[in-house]
Every structure is written in C-alpha cells, then in structure tokens.
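Shown next as structure tokens: one chain only, the form predicted alone.
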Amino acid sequence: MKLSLDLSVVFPALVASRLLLALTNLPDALKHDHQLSSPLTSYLNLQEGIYLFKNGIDPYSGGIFRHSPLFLALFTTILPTSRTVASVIWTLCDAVGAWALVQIWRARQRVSQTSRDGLIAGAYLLNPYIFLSTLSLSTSPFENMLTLIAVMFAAQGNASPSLLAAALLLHLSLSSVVLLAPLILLLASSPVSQLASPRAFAKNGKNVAPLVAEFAAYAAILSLASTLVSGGWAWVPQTWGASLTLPDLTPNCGLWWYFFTEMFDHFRPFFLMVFSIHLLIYIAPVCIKFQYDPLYATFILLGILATFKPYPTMADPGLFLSMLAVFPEIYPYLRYPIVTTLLHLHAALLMPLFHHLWLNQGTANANFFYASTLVFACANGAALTDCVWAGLRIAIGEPQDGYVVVQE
C-alpha cells in the first residue's frame, strides 16, 4: 500500500497548492504575458469572443477571436466564465493531464502502480513552463490535457477514446495533426519500451485503415458541430487558417512571428508554405526510425511541435520536458543534459527581462526579445536532439573494451 499512498498524498497536495496559487492575483498579472499565451490561446480573446457570441455578434468577423467554436459551446452553455471558476477549471485540466501522464508511465511499464508515480505527477504539476501558462489562463492546458489523454488511451489500447481526444485536439490546434501518425502506430502496437531491443513494426494495413477512418469521422462530426455552433464556416479561416497564414504577428516565444514581421509581402506565401511543410516533414522519418517504439516517436514529435509550431506558448515545450520523466532508460545516454538545462535557465531569465524592457519600459526593441526566443529555441533543439541521440544510442549499449561509437 505504500506505493499507492505516495501518489495519493503527493498528487492532492500538488493540485491543492496549484489551486491556491491560481486563486491569488497572479493570473491578473500573467494573462498579458506573450510568452504564456498566444493569439490562439489568449484568455482575454476568449472572453471577448464569448461576450460577442452571447450578444448575437459573430465573434469571427473581427479577426481577433481565433479559438475553436467548441470553446464557445463549452463556456456559453455548460461552464461559467468568471475568473475564479476559470482558475479552478484550468487547474483541474492540469490535474487530469498529470493523472494521464502517470497512466502512460504505468502502461509503458505494464504495472498497476510504481514508486515513481508521484515523481511523474510532480514532473508535470511542478513544471514552471506548464503551471505559469495555467496561471495566465491560456487555453494551452486544454491542449496539453487532450494530448496526454489521447496518448494515454492509445497506450492502453482504447482506440475510440484516443481518436476522439485526438480529433478534439485537432480542433483546438491544427498543428497537432503531426501526432496522428504515431498515435495510430501506438494503437496498432504496444507502449512497452523497445528502445534497447528494436524490432521492426509488423505492418498491417487492415488494422491502420479503420483507425484512420474513425479519426476522420470524429473530425468531420466535430467540424459539423463547430459550424452549427458558430452559424457558418467563418471559423475555419480564423482558427485553422491562422496556423497556416499567420495573420496575427503578436510576439510569442516561437520562431515565426519576427521572421514574418520582417518578410516582404511578395515572399510571404512562399515562406509560409516552407515553414508549414517544414513542420510536417519530420513525421515520416521519426515514425519510421522509431516504428518499434511509437510512444517514443510521439514524444519526439511533441518536441518538434513545441519548437516549430506557428503560435507556441511555454506550455508546449513544458509538455515535452515533462514527458521526459516517462523514459528514464535514456538518461545514461544523454550527452549534454547540463548544457541543455543551463540553456533553458538562461532563456527563462532572458525572455521575461527583454519582454519587459521592450514592451513595458520601452528601453529595448524587438531584436532583444527575439534574440532571447532564439536562445529558447536552441534550448529546445538541444533537448530534442539529445533525446533523439539517446533513443538511438541505447540500442548499442554501453561501450566495451575501450571502443566507442562515432558517426561517420
């Protein structure tokens, strides 16, 4: 009983402490922070859209509201929108996400409980990238929660709930389509670690095709529901289209906004295509290389998504870093964990400082803040490449007889 007692004590304590923080004045101080929320996840934009919708005005006509119509349906019929209630709901989203991460860990280990359960939950609930985004009332915690739920059900072999969660996630964030392939591979195989003994995935189109069809059906039904809620198809270019055309160049912690701020208009369509395709080209190589361990492929693609998506927030790399706790077998094979940690610490200090100097004090300019986001991208890239290396290197094992593995 000791193992379950650890999680039963740690988990409520962490959730309760998070809730106490959420009920303070911190959300009011953080909700304007561009690192924690984007035009697609801003709580202020969500409130504006809900107000317009309740007063009979199309919220998608002004080019400000870019949330899914599913949020309109949720917050105008079921859930109230007061700040106190929102803080509770957002905290519960993180609690569900942490619980799902624990279930993913258990499924990977094929056990009902372990001594690391509390550590896994803490890796998510104590991650500053995640809980600061939650305190800012960004809708990113909803995306993280649905991502973890989809992966959890896939790891447990429950196809329909996993695909439904993935379809819901797609409606909140179009970029999450990159996770569909590894999720389907995970449903068609096993979450158990195969990194140390890779075996080729037994390809069976008869198993994969129905899963793709079921996901398409869920996505179509949700699209129809969104159209009925919003009264037309105007939500498509304002939500999904925003991820492809980047109409709002509000600063964020990603790589797109400054590049397209400086872009000449006649080059813009070409580079939008290049940036969008760049995010997609990783799907096939990662899924093929880690076909024997699709849960790890999902983890790697989450890191790629967090680094290169159009409108990221701090919660996106936060999810990737928290999921690292599920793969302790790769820790001995990480090459530069200290360097990566210091890069993240460096960026975490620089970004708020340069953001404040630029937008609040007026003593800096956009180059300062963008330089700090480049450092943040380097930190995410270093963590990502280190995890890819470790996931491949573990199959070779420890060097023996003085020999080491080098790349030619």
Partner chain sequence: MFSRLLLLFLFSWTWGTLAATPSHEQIVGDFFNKNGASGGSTSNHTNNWAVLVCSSRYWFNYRHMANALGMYRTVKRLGIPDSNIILMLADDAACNARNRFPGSVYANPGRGLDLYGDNIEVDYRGYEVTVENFIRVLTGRMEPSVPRSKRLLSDASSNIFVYMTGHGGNEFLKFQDNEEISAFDIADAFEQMWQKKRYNEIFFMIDTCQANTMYSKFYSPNILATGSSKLDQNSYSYENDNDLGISVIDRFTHYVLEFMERINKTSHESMADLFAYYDPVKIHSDPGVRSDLFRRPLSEVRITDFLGGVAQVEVGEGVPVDTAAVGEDQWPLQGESPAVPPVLPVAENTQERVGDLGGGWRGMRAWGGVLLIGGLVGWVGFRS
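Numbering follows the first chain given and starts at 1. Remember, it's a predicted structure, so these values are computed and weren't measured experimentally.
One more form of this protein, predicted in complex with its partner chain, exists but is not displayed; see below.
Contact annotation: its partner chain lies within 4.5 Å of heavy atoms from the stretch 69-77 in the predicted bound form, the single such stretch among 251-259, 95-103, 304-312, 69-77.
Although the partner is absent here, Tyr218 lies within 4.5 Å of its partner chain in the predicted bound form, judged by heavy atoms. At a distance threshold of 4.5 angstroms between non-hydrogen atoms, Asn55 is in contact with its partner chain in the predicted bound form. Its partner chain is not shown here, and in the predicted bound form it never comes within 4.5 Å of any heavy atom of Ala213. The closest heavy atom approach of Pro337 to its partner chain in the predicted bound form falls outside 4.5 Å. Across the proposed site, Leu164, Ala225 and Ala234 without exception bring a heavy atom within 4.5 Å of its partner chain in the predicted bound form.
Proximity to its partner chain in the predicted bound form, defined as a heavy atom within 4.5 Å, holds among Ala242, Ile330, Val229, Leu324 only for Val229. Of the residues given (Thr114, Thr84, Ser160, Asn207), Ser160 alone sits with a heavy atom within 4.5 Å of its partner chain in the predicted bound form.
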